[in-house]
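Single chain ahead, written as structure tokens, the form predicted on its own.
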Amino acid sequence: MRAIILEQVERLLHEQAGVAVLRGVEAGEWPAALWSAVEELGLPLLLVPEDAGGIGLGWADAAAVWQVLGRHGAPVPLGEGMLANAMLAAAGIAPVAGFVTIGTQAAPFGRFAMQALRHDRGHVALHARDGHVPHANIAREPRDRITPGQPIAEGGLPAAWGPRATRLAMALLRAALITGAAQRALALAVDWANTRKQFGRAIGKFQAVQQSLAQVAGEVAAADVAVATAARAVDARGLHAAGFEIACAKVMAGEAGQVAAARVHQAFAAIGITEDHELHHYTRRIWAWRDEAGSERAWAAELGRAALARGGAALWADITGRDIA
């Protein structure tokens, strides 16, 4: 099932997304046709159980979809829509049609949402959007301040979601998106290195360029493993109990994104920073997503405090002996 869905998402984004759509989003346009196609495939309901009207797949499947989304620059807020519907279903609230954003401060694509989901200490409320103040991150993605109306529906999340459900879920989403965008930036750089010639040969033949891109490939591969591990941990134990793995994934994805963006722009040199080139759409999103849902520094500090609290004798076992499956 995962392979089928990933193929559908990849084909859809290849056919209906692209740089023109990303530029439209950054100019304040809603990709209505693309979102309609996403809804037609039922993708916003991927994490919703079948008995609640969804597809009923797991977090590992969702993370794989988010990486594909990141490789295309996330032109629609599919990840946020999936998380919102998953939280509604977990709280016993029926999923709603259309895009539901998460939060009211810096709400992703909030200006285009019909409803906003708020979560506070296990309590979930779905609100109509009464108004908004437009804002954007450095990738020019909408991050709006929402004026919520009266609650449409309310419910409580089970203990497995924990009091930090929104932050943990968004951190896993951002880690997956960063990894996908870094994969795309690396692919562009490898293609460029194999075609761009300097001093009579492709720049990819120079050892310095090879070493630089090899480091990017290693960092991105490690982040990919961390994201997959975190998603499997959520499937096995729930969001709250998978906090360690999610924190590690966000740290590793952020660090991989930092290396990837820097090294890939070095490979492209001046052309990579021009407005007409597609590279900046991915690297700006990497920089923006690194700061959202907690930066790598914030998550690393949290991991450090937890390690100190448990003591040095438990550190090795915590790193190597955690039950993922």
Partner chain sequence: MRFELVSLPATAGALRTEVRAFLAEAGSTWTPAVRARSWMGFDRDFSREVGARGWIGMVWPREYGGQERSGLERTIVLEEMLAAGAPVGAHWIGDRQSGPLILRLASEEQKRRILPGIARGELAFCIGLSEPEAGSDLAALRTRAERAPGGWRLNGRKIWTTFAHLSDYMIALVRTSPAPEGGSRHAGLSQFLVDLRSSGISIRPIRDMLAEASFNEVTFDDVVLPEDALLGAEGAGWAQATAELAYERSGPDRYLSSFPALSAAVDPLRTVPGAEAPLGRMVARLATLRQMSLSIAGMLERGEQPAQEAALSKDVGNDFEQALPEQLRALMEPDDMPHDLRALLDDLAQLSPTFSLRGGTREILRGIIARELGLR
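Numbering follows the first chain given and starts at 1. Please read these numbers as outputs of a predicted model, since none were measured by experiment.
Note that the form predicted together with the partner chain isn't included here; everything after this is about it.
Think of it this way: in the predicted bound form, the partner chain has a heavy atom of just one of V225, I138, I152, A160 within 4.5 Å, and the residue is V225.
With the partner omitted here, the residue from A300, A52, L41, A288 that has a non-hydrogen atom within 4.5 angstroms of the partner chain in the predicted bound form is A300. Relative to the partner chain in the predicted bound form, residues G156, A242 and T283 are all farther than 4.5 Å at every heavy atom. Remark: V96 does not count among the residues lining the partner chain in the predicted bound form, judged by a heavy atom distance of 4.5 Å or less. The closest non-hydrogen atom of A3 lies beyond 4.5 Å of the partner chain in the predicted bound form. Remark: Q210 counts among the residues lining the partner chain in the predicted bound form, judged by a heavy atom distance of 4.5 Å or less. A residue is said to contact a partner when one of its heavy atoms sits within 4.5 Å of a partner heavy atom; A307 meets this definition for the partner chain in the predicted bound form.
None of 103-111, 183-191, 120-128, 73-81 except one has non-hydrogen atoms within 4.5 angstroms of the partner chain in the predicted bound form; the exception is 183-191. Shown here without the partner chain, the chain has Q210, Q211, L213, A214, Q215, A217, G218, E219, A221, A222, V225, A226, A228, T229, R232 in 210-238 lying with a heavy atom within 4.5 Å of that partner in the predicted bound form.
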